[in-house]
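This document starts with one chain, in the form predicted alone, laid out as structure tokens.
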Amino acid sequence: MSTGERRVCLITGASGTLGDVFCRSYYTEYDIVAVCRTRTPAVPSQLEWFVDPLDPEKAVPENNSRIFVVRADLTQPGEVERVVDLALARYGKVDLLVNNAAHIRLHPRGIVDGDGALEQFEPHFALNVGVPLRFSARLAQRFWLHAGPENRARNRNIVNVSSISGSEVYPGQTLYSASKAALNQLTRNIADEFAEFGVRANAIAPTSFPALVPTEQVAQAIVELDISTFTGGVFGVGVEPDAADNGRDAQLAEAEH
């Protein structure tokens, strides 16, 4: 069950660059269901806990906030449903869904150089678009759909981790860019549909991290959207406002001023 009144966050791609930073930065503020495929985030969890080497029997504060790690290949049939069931069984609710897991393979010589791009179509769209769609639909069907007043009171929402590549053209990123553009539009449509039962949906579209923007800033953008009232937006992180993909979208920091 949930520990007190903390919000419950379900995040995919928890062992990646952003997922790991999010878990390490916010595991004392959220109850987190960390979904990962291979590595686990370096935080206290049911798989890992901290010990004071000078006093091994002493209680360590970090262990009061353990993350619940779930290993899953989300592209396999039934895996999204298993994760949703585990999250609801453990905490009884999900307040924030962060669709962070992503697939990227670059084709620097273009999509006509052999069959590589054609073979990579399904992996890109299955994980970058299909999995967020499935998580959103299953959580709505199994928990959110008939809990409108509670959803609004808890300010429940979805944050999809997109990319500036979803609105800009970068060499070699054709499939990745197309999948992120689809994710942006999926976000807008989910926001419109889920408004009926009080669940918001937004996307963040960061530029390259940690090369051009600190990963911590991207993680903070997720938290800022979680506590906001925005819905249906795609917010750039670390990009110029005119690089966002429509007039409504802007840098998150500016949008909240």
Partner chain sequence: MVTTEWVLDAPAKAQRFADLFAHRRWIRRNQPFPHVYARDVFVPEFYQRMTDELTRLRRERPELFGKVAADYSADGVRLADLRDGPLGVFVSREWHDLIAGIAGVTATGDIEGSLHHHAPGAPYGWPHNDLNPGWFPGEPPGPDEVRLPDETVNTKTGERAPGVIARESVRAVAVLFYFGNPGWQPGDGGETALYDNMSEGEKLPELTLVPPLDNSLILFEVTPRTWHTFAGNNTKDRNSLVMWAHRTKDDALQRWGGDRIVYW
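Note that the structure is a prediction, hence the values are computed from the model and not measured. Residue numbers count along the first chain shown, from 1.
If you look for the form predicted in complex with the partner chain, you will not find it shown, but the lines that follow are about it.
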Problem set entry | Residue among 211, 195, 51, 227 with a heavy atom within 4.5 Å of the partner chain in the predicted complex | 51
Problem set entry | Contact assignment for the partner chain in the predicted complex, among 154, 90, 103, 71, heavy atom within 4.5 Å | 71
Exercise. Any chance residue 62 has a heavy atom within 4.5 Å of the partner chain in the predicted complex?
Worked result: yes
Exercise. Heavy atom to heavy atom, is residue 55 within 4.5 Å of the partner chain in the predicted complex?
Worked result: yes
Problem set entry | in the predicted complex, residue 46 touching the partner chain (heavy atom, 4.5 Å) | yes
